[in-house]
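There is one chain below, alone, in C-alpha cells, taken in the form predicted on its own.
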Amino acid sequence: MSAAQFAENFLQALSAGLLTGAVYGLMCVGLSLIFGVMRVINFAQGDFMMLGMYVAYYAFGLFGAHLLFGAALAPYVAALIAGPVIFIAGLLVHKLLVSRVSGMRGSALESEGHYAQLILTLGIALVIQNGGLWVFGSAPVSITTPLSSSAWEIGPLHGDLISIFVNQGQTVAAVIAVLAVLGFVLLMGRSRLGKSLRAAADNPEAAIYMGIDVDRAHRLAFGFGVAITAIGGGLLASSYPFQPYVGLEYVIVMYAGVVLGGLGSVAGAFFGGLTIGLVQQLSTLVLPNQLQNTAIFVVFLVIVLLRPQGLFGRAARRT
C-alpha cells in the first residue's frame, strides 16, 4: 500500500469515527446523567435506545413525517420526536419500578439498594427486549434517507491522489448530536431545573433541606437520561439496521464511553463516546471489522490502567 493510499484510508476512517463518535457521545451523556444524579447502573439503557429507534422508524413511516418534512429531513425530525416519547416512558418506569429501589427509598435497603437496582434494570432490559421481539418482529429494519446514501467529496488533495468522502446523513446526525449535547449542558448549567438536578446529585440530604424534591429530581434525571439516549438511537437508525436486541450491543459501547470519560462528567461522557467512535473506525485500518469491539476494550483497559478515574474524572481520596 502506498503512502497516499494509507493517508486516504486514515483520513476516511478518521472522519467516519468523528461522525459516529459524536452520536455515541450523545448516547453516553444520557447514561452518564442517570448515574451522575441517581447513582444507578441502568442495564436497560440500550433497550430504551432501541425503543427510540423504533419510535423514529414508525414516526418516519406510519405517522407520515416523510410526507410533512420530506425524505431528507424527516429521519432527523423523527429522531427528535423519539426523545419526548421515551422521556414519558422513562418517567413511568421510574415512578412504577426504579423509584422503589433508588433515591431515599433505596438508602434503606442493603448496600443502599444497589443489588436490587442491578437486578431490576436487568429485568427491565429483558422485558423490553422480548416485548420488542413480540411487537416489532425479528427482521432488521432501518430508515432509508437520500442523505445516508450520499456523500460530500473533500479533495482531491495532494495532487489527485487523496479524496475523502463524508457521508451526508452521518454529518447531519453528528451536528444534531453536538447541538443536543450543548443544549443539555446549558440546561444543566443555567436553568433552575439543572441546578436542582446537580444539587440532588451532589448531596441529596442537603437538597431536601433546601426544599428540593429529590425524588422528582431523580425521576426527571431518569427521563432525561433515557430520552437523550433515545435521540442518539434515532439518529443511528438512518445509518444502521436494527432489531429488538440491538440495545445489548450499544449498551456495552455506552458504558465503555462513560467510564473512559469519567463517571459523572457530561463533557467526559461525550468525549468518551467520541473516543469509542474513533477507535472503532480507526481499528479497521489494521484489524478485520469483526474485531472492532476488541480494539475498543483494549484501549478501554489501557486507559483504565493508566488513569482509573477516566479522561475527565477526578480521583477521589478516601478518608
Partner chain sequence: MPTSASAGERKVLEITGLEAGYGGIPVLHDVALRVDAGEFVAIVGPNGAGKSTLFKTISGIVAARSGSIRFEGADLLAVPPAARPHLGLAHVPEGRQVFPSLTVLENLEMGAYTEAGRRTWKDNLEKIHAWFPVLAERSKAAAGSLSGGQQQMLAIARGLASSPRLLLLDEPSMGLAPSTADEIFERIVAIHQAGLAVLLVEQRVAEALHYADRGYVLEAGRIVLQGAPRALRSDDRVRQAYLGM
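Residue numbers count along the first chain shown, from 1. All of these numbers come straight from a predicted model, not from anything done at the bench.
There is another form of this protein, the form predicted in complex with its partner chain, and it is not shown here; the text below is about that form.
**Q** Tell me, please, which stretch of 142-150, 192-200, 84-92, 227-235 lies within 4.5 angstroms of its partner chain in the predicted bound form when heavy atoms are compared?
**A** This holds for exactly one stretch, 192-200.
**Q** Would you mind picking the one in I208, V166, L157, L73 that has a heavy atom within 4.5 Å of its partner chain in the predicted bound form?
**A** Filtering the options by heavy-atom distance leaves I208.
**Q** Could you confirm whether V178 comes within 4.5 Å of its partner chain in the predicted bound form, counting heavy atoms only?
**A** No, V178 is distant from the partner.
**Q** Would I212 count as a contact of its partner chain in the predicted bound form, using a 4.5 angstroms cut-off between non-hydrogen atoms?
**A** Heavy-atom contact with its partner chain at 4.5 Å: present for I212.
**Q** Counting only non-hydrogen atoms and a 4.5 Å cut-off, give the residues of 246-277 close to its partner chain in the predicted bound form.
**A** Residues within 4.5 Å: none in this stretch.
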